[in-house]
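Quick heads-up: it's one chain on its own, the form predicted on its own, in structure tokens.
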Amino acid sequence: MAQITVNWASNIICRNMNCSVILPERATTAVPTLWLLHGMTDNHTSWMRNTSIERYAAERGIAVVMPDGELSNYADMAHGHRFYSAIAGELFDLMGGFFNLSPRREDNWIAGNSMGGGGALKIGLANPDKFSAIGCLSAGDTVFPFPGTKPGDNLEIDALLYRVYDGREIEGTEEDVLGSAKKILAEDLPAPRIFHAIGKDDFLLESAHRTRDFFTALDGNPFAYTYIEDEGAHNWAYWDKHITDFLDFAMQR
């Protein structure tokens, strides 16, 4: 396997961006790809530094693309850059040109941890034509606000929410994650399969339960929604364990 740091020029964000990529050796056909998003306190290197994602990719013959989403919540920020558009659209198209990545929906999956788990649900459900499976680890349809907090409890989080949203209307946009799921069903679009895992000691359990209750209430389980709540907390030991579960889920035909 090759590990590559790609400095790619984003026309949407108007500067160079960083992205870590894992590629299989001597691939003779277009390569299936996992698009893997980091959490709030991390960056594009975090999955490689804290898990065995390279080994997992080698065992399965896949590529992994890990963009730097900074502190954007993978959103088109109210006071900042359009990270959602850059990652979901621009980067997806560019990487396919840089490397021999498969463009087929069934060969592309998106997952992430914490902020990245919410981002994976957001991007995957807003782009069901691109991704056939979504992995949400230790999050729900949103990670904000943190359960049990109110404005003023954490000034840094308050500032982050201001930069990202500032009262922005989200209904009917990509930020309306459960609304995107409803749209898929209403318009008979291809429904990505969803794998959702969270530890019993995770502080985002409330958000995960709200998301779980939404998907499990849908008749016929149209998203093949799979929920795991087991021993564990909000940490890399949990994410390293369950990213392989997601990959096995995603690669089922």
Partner chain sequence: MAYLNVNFYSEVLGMNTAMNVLLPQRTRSKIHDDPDGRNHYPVLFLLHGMSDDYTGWMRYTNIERYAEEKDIAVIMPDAGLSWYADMAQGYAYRRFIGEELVALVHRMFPGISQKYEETWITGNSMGGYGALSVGLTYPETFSKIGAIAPGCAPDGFFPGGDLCRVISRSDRFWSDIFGDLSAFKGSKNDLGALAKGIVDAKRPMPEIFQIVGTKDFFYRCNVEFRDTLHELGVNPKFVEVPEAFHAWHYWDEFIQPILNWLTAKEGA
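Keep in mind the model is a prediction, meaning the values are calculated, not measured. Residue numbers count along the first chain shown, from 1.
If you look for the form predicted in complex with the partner chain, you will not find it shown, but the lines that follow are about it.
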| item | value |
| --- | --- |
| Contact of residue 25 with the partner chain in the model of the complex (heavy atom, 4.5 Å) | yes |
| The partner chain contact in the model of the complex: residue 173, any heavy atom under 4.5 Å | no |
| Residue contact check: residue 100 to the partner chain in the model of the complex, 4.5 Å heavy atom | yes |
| Contact of residue 151 with the partner chain in the model of the complex (heavy atom, 4.5 Å) | no |
| Site test, 2, 5 and 96 vs the partner chain in the model of the complex, non-hydrogen atom cutoff 4.5 Å | yes |
| Which of 26 to 34, 205 to 213, 221 to 229, 66 to 74 lines the interface with the partner chain in the model of the complex (heavy atom within 4.5 Å) | 26 to 34 |
